[in-house]
Ligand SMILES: O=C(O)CCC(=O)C(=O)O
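Given as structure tokens, the chain that follows is alone and in the form predicted alone.
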Amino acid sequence: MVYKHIEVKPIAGACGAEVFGVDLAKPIKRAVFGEIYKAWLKHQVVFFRDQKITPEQQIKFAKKWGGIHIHPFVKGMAKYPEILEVKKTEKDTYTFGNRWHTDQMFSPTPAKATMLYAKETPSFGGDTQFANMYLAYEALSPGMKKMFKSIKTFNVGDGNKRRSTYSSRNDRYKGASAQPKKPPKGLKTNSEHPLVRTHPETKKKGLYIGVHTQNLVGFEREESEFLINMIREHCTKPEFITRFGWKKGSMAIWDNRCLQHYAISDYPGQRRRMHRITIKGDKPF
């Protein structure tokens, strides 16, 4: 792909590319954003280095990608409710996103994209891994592809049993600076989705599964557990994964429709603070 306004450098064979020649603090011209978006669809996650932006500028840039989604379980910033501050202090023991997942999979219309901007980073560690679900699907045998074609998953937000042995939402966030909130009354946080998802823009197929997935619809518990564990192990093979090392001023924007991600918790006693915005998505098919 040829770009006239930006420079794009892949960082791994699986997915991910750094984008150069853009200052996100300045207005982004339509032609420039068009190239960023094309690079994003091609590489699934794009990264920007050395950015200095305000919350207002981040929100403005996020709106170019779609409507902003408000997290149902975690409070946004007081002045900027669109932004979720993902903060881990030197004393915190909980790491937000420390499981393989795709954002908001428990929703009937999961998040399209996630934008994460680094405000403070540890001196080492704190990387994020991304797994390419296109490649995971393509690597399946014809028999598995045929079997998985009609399977649906049941996905849960609150009371998720796969996170660990948490007895409550408050127990889940124990040791975290970010505190939970009750979701809006009537908001649905349990949903069924196809195990094989078709991307609405690229039309490519990918596996759609993560920590929110509790069981496979219509399967016995033992069958479901066996298949889910097998699929999750398959999805995170090294050849499907890229890894991004954060520095202050780095930004990542990833496509939740075809990626899983994992926040690595390997920086005890250090501080990490990120500003996250998620973009509204549509119903998977």
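Numbering starts at 1 and runs along the sequence shown. Computed from a predicted model, the values in this text were never measured in an experiment.
Unshown form predicted in complex with the ligand; subsequent notes refer to it.
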Self-check item: Heavy atom of N215 within 4.5 Å of the ligand in the predicted complex
Solution: no
Exercise. Verify the contact flag for W254: yes if a non-hydrogen atom of it lies within 4.5 Å of a non-hydrogen atom of the ligand in the predicted complex, no if not.
Key: yes
Quiz item: Counting only non-hydrogen atoms and a 4.5 angstroms cut-off, does P72 reach the ligand in the predicted complex?
Solution: no
Exercise. Report yes if any heavy atom of V19 sits within 4.5 Å of a heavy atom of the ligand in the predicted complex; otherwise report no.
Key: no
Practice problem: Just one of 200 to 208, 150 to 158, 133 to 141, 110 to 118 has residues with a heavy atom within 4.5 Å of the ligand in the predicted complex, so point it out. | Solution: 110 to 118
Exercise. Run the contact test on W246, A263 and R272 with a 4.5 Å heavy atom cut-off to the ligand in the predicted complex and return yes or no.
Key: yes
Self-check item: Listed residue that, although the ligand is not shown, lies within 4.5 Å of it in the predicted complex (heavy atoms), from V86, V196, I83, M105
Solution: V86
Quiz item: Quick one: which residues from 85 to 110 get a non-hydrogen atom within 4.5 Å of the ligand in the predicted complex?
Solution: V86, F96, G97, H101, D103
